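One chain comes next, on its own, written as structure tokens: the form predicted on its own.
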């Protein structure tokens, strides 16, 4: 297994299969890259996964852009499963998911994260620039039916825009049998000064305070040491995760992930555009991966 200079092991790759999306969420970080038309072939992705697996990586997360824009995503997952015995997951906006949830499961996908930042049609359109809220909800149902469990619903909390939906989202997730992830609006140090961030950033500790009397169990996700709460809603219980990366050294100190961009680069951190290591077309990918891991450092510390 590879370790960086801060003693953090590498056990996970976050692979950006494309950098285009049919949604236009204003807060999207596009995995730390700019929108572009480049992507790695299934064979190129398999080779990176094969090498990483020999170095101790046993978890893969596929992201975009919107990964389901790629028609060969099932092939990519099948090739990945040949080398990864552990967890293979996917983050998607869910728009195209209804017709492909079953084939993704059959290809070897274990679980899925589906972004849903509002339950209200007009607000959903304002946030995403898309009218497809019903398609997303059908995608959630299809994922559950296909056995892509746990299904996690990603809800980026936006101050004054969807903060009044917190209780509604918890009940929605509980009724679906899904896990709800409240996600903090994230940016780098420079982005903290932008108008959008100052306007919409919401401190998730406020949610912790609101849930205090309803929490019946607490645990931690090993990745980023994220808090997971079991919340009693009266008639039901729901599992809630709080993803709080901003100025959070504990979050960074427990990061065990290396990013792979759609251009064929290892990127050490979402917020470190100055630390990218190109491997596409290179023969010694293993050495380049080792260099990238050694360059990793906690962004917030």
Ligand code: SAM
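Bear in mind the structure is a predicted one, so any value in this text is a computation, not a measurement. Numbering follows the first chain given and starts at 1.
Although it is not shown, the form predicted together with the named molecule is what the next lines describe.
A heavy atom within 4.5 Å of the named molecule in the predicted complex is found for exactly one of 159, 91, 78, 221: 91. Residue-level contacts in the predicted complex: of 29, 50, 59, 263, one residue has a heavy atom within 4.5 Å of the named molecule, and it is 29. The named molecule in the predicted complex is not approached by residue 146, whose heavy atoms all lie more than 4.5 angstroms from it.
Taking non-hydrogen atoms only, residue 72 never approaches the named molecule to within 4.5 angstroms in the predicted complex. Residue 17 falls outside the set of residues with a heavy atom inside 4.5 Å of the named molecule in the predicted complex. In the predicted complex, the named molecule lies farther than 4.5 Å from every heavy atom of residue 124. Shown alone, this chain has one stretch from 206 to 214, 134 to 142, 222 to 230, 110 to 118 that lies within 4.5 Å of the named molecule in the predicted complex by heavy atoms: 110 to 118. Candidate site formed by 9, 250 and 268: none of these residues places a non-hydrogen atom within 4.5 angstroms of the named molecule in the predicted complex. For the partner-free chain shown, nothing in 270 to 293 comes within 4.5 angstroms of the named molecule in the predicted complex, judged by any non-hydrogen atom.
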